[in-house]
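Taking the form predicted alone, here's one chain by itself in structure tokens.
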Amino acid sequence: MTSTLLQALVSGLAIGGVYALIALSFSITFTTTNSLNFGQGEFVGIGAFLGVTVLYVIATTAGEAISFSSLPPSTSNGLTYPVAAVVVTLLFGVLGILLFVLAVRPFAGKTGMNWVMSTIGFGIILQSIGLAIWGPAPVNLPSPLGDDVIRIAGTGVRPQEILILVVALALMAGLDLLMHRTRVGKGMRAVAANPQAAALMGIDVSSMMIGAFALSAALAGLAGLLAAPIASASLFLGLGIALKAFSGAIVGGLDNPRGCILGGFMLGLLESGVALWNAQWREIVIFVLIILVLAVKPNGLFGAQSLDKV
């Protein structure tokens, strides 16, 4: 029983790390631009496939004869997986800038919620392009640490779960330092608090908003690459993950980055814990609890700012 609980704890922290990364990406754009990317789920799926493509190109360039649909474990060995992670992160940073320029900025300062549909449409366009290039079938992506289960105190843990948790915690700590100890982070927080006052203080508000969307998209793409070795790379991978990550952000408090991180981890642990009892009830219990939490704390457990009603 103890090993089962420990395994559920590790799995919950690993998937919670993915939720927390994406929840944080929602919070970054919300606090700086008061808008969200509702196509974030498609970004996660594309990130997974883009990582597979980078690994495939590296292997074939080196002379390996491999199939794209079934990459051998050797393709993720050494520095290839970190290289793929860097490429995915950079490309999604550029994609985030395009998202802001094409789908968010045209509606800035205008009434209505047009940016909601434009971000959804941007995500659908991305997914459609992905389907045209890679097709609808999922693809296996080997973990850089191997797929053999590691035994810790009698508990079976997949190496990718440990990698996800370590990378997620390191990124969150780095971003927390960025936001609180650097001029860029302080600038983004100033824009989040009051864009007009930030502009009067000489802060380039547009650059901060562009940077927020670049950072948010990069986190989503990287989360897709991290989750792919566990869930398989699929263009439909991200919708469920992004929905739960958004729920974690709402529960934690969308205007509180640290709250969003905690909300993501809480949701992962809750999901893993309920699955021990009955997997069929996992989604029901999770969303009932979310509704109950929001009924008591409408702005989330750690949120302070009032949210606009839709």
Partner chain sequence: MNNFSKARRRFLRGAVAIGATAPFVDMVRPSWAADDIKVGFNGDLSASPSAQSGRAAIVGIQAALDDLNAKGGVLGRKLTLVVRDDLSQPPKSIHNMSELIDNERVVAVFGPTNSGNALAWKHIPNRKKIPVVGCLASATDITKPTSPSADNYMFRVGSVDRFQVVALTTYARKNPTTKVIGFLTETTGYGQAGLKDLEEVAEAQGIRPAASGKFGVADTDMTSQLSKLRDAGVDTVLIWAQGTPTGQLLRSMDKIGYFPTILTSWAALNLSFVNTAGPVLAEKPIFLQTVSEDRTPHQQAFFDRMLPKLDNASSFAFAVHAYDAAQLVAIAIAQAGSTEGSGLREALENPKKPYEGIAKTYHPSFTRERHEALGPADQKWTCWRGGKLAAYTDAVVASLKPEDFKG
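Source: prediction; values computed, not measured. Residue numbers count along the first chain shown, from 1.
Absent from the display: the form predicted in complex with its partner chain. The rest refers to it.
Asks: Between the options I203, I230, V116, L175, which residue brings a heavy atom to within 4.5 Å of its partner chain in the predicted bound form?
Replies: After the contact test, the surviving option is I230.
Asks: Counting any non-hydrogen atom inside 4.5 Å, which residue from A275, L36, V285, L243 sits next to its partner chain in the predicted bound form?
Replies: Of the listed residues, the single hit is A275.
Asks: Quick one: is R151 in contact with its partner chain in the predicted bound form, heavy atoms, 4.5 Å cut-off?
Replies: Within the cut-off, so yes.
Asks: T60: heavy atom within 4.5 Å of its partner chain in the predicted bound form?
Replies: The answer is no: T60 has no heavy atom within 4.5 Å of its partner chain.
Asks: According to a 4.5 angstroms non-hydrogen atom cut-off, is P136 in contact with its partner chain in the predicted bound form?
Replies: P136: yes, in contact with its partner chain in the predicted bound form.
Asks: Answer yes if any heavy atom of G156 is within 4.5 Å of a heavy atom of its partner chain in the predicted bound form; otherwise answer no.
Replies: Yes - in the predicted bound form, heavy atoms of G156 and its partner chain come within 4.5 Å of each other.
Asks: Within 4.5 Å of its partner chain in the predicted bound form, do we find a heavy atom from each of T89, V167 and L171?
Replies: Not a single listed residue reaches its partner chain in the predicted bound form, so no.
Asks: Where, among 214 to 222, 142 to 150, 191 to 199, 76 to 84, do residues come within 4.5 Å of its partner chain in the predicted bound form by heavy atom distance?
Replies: Contact-bearing stretch, as computed: 142 to 150.
Asks: Who in 39 to 68 is close to its partner chain in the predicted bound form, meaning a heavy atom within 4.5 Å?
Replies: Nothing in the stretch sits within 4.5 Å of the partner.
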